[in-house]
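Here you get one chain, nothing else, as structure tokens; it is the form predicted alone.
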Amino acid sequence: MSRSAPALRPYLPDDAPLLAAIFAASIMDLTGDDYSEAQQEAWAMAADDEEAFGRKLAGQLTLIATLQGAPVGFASLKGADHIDMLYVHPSAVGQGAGSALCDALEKIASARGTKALKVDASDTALEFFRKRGYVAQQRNTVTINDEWLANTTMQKTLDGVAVPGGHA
């Protein structure tokens, strides 16, 4: 059985409830080896207010990954040089959605003249970004809903990223 490749589309305001659910499921189901249950719950609470979550997504360049027409992940670019969010539903992990989203944001950032792209990667996502050429810059501790969580700021130089219709 062949799997279809993920398709990408822009964020629409009606997507907020489903993306909030993907966000929470991704955190609760995929980060248990790296974060405590209290940390996971505090992190996932960021999407409890779906209206505010939707405003945040709408205020950034947000792309949705779909498989067979159904949204399975999303990623957003904050400003020109920072991947703010990249989350894939646990049932879609390993099917190319995360890579497709990251590829697209890298190409968009490069086309906008960005030379380096940053991400604050969770401990769970470190290897994903490392395999894509991101290099750890610094370790961070952040407080979210009264819980301390660690992440790592990573950076990738975008020189050489192919830009559709142009050159890197």
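Given the structure is predicted, the values throughout are model-derived calculations rather than measurements. Note that residue numbering follows the sequence shown and begins at 1.
Just so it is clear, the following notes concern the form predicted in complex with a small molecule, a form of the same protein that is not shown.
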Per-stretch contact check against the small molecule in the predicted complex, the hit in 109-117, 96-104, 135-143, 54-62 (non-hydrogen atom, 4.5 angstroms) = 96-104
message = Considering non-hydrogen atoms and a 4.5 Å limit, does the small molecule approach residue 127 in the predicted complex?
response = yes
key: Partner contact for residue 66 in the predicted complex: the small molecule, 4.5 angstroms, heavy atom   = no
query = Applying a 4.5 Å heavy atom distance criterion, does residue 81 contact the small molecule in the predicted complex?
reply = no
request  = Flag residue 46 as yes or no: does it have a non-hydrogen atom within 4.5 angstroms of any non-hydrogen atom of the small molecule in the predicted complex?
outcome  = no
task = Please state whether every one of the three residues 36, 40 and 149 places a non-hydrogen atom within 4.5 angstroms of the small molecule in the predicted complex.
result = no
